[in-house]
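Presented as structure tokens, the chain that follows is alone, the form predicted alone.
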């Protein structure tokens, strides 16, 4: 995302924050290593006078962190971000939040299609959904209390693509893939490049509002597995409670269990009405993912690695000894 912002000459100052060091080189952007609760953001906003904040690292996979850490990142982090944006004298005029269609949940009572204003069909049944709902509630309250600040929330469907790794992509990468016995849900996906493009679209255009983001079309889970060349293994939803090793092998966090039973569909016409056009359909996202995976397997190549080192970056940017373009 930062590399995409760097390519836009209208972006004067670009600053990245995160708990992990960058995995790609930056040309103009600066990077600050900080915890994911945004505890330092208030000082950074005051020092840099930035006008836009992109909140892009809310947790959407409950298997990656403990419940307490998830709440600290999704809820406390969002709270601190909004406090920095709304502080007296703040220069922030636009906040973009990367959320998830997980806020709608997946249940037997759901409508066939969720619009942005459609309420959930059932209470949140897992921690990641509860944390996302609470974070979005904070954002909604901030928007109502600060009408002069544009607020954009993008709810992304499950992401697939060349580089991103999720429980779904890991399951689809294996010879055997889980299915919930008796269910073949319809799913939507969004290609990872369209995630970046959607974030850029609303940022550059200063477009406020709440938007679903998903590629056109829905695919049965059995069709997704067929495209990826993996064999579905039906698992009883009741056995998951007792056969934890099997669940761990298949990477079935609670939110994915629900999705593989009931599926989820979202309406995306609101974002399309702003002029955004997708490069990939839901099927295209699946095909892009498996094509890249097979290419890596055939070539035996792993993605190029890069380690951000602050002192090295500062040398190449500011040392009078550097007279040419360095090889990153």
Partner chain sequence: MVNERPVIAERKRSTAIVPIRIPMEESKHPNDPRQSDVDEWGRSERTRAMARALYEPLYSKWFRAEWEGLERIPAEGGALLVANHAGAIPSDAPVIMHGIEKELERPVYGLADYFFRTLPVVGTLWARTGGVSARPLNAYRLLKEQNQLALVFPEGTKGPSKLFTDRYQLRRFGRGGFVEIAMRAGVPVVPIAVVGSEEAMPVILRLPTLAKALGIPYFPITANLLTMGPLGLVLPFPAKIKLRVLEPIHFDVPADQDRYSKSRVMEEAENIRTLLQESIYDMLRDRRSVWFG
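Residue numbers count along the first chain shown, from 1. Keep in mind the model is a prediction, meaning the values are calculated, not measured.
The same protein has a further form, the form predicted in complex with the partner chain, not shown here; the description that follows concerns it.
Colleague: Give a yes or no on whether every one of 112, 267 and 284 sits within 4.5 angstroms of the partner chain in the predicted complex by heavy atom.
Modeller: Yes, each of 112, 267 and 284 comes within 4.5 Å of the partner chain in the predicted complex.
Colleague: Using a 4.5 Å heavy atom cut-off, which stretch among 183 to 191, 164 to 172, 77 to 85, 196 to 204 contacts the partner chain in the predicted complex?
Modeller: The contacting stretch is 183 to 191.
Colleague: Have a look at 118, 91, 126, 146 for me and say which one sits with a heavy atom within 4.5 Å of the partner chain in the predicted complex.
Modeller: Spelling it out, the residue with a heavy atom inside the cut-off is 118.
Colleague: Give me the residue from 64, 274, 48, 279 that has a heavy atom within 4.5 Å of the partner chain in the predicted complex.
Modeller: Of the listed residues, the single hit is 279.
Colleague: Looking in the predicted complex, any heavy atom of residue 223 within 4.5 Å of the partner chain?
Modeller: Residue 223 belongs to the contact set for the partner chain.
Colleague: Verify the contact flag for residue 137: yes if a non-hydrogen atom of it lies within 4.5 Å of a non-hydrogen atom of the partner chain in the predicted complex, no if not.
Modeller: Looking in the predicted complex, residue contacts with the partner chain do not include residue 137, since no heavy atom lies within 4.5 Å.
Colleague: Hey, in the predicted complex, is residue 98 touching the partner chain, heavy atoms inside 4.5 Å?
Modeller: Taking the distances in the predicted complex, the answer for residue 98 is no, it never comes within 4.5 Å of the partner chain.
Colleague: Whether residue 130 contacts the partner chain in the predicted complex should be assessed with a 4.5 Å heavy atom distance threshold; does it?
Modeller: Result no; residue 130 lies far from the partner chain in the predicted complex.
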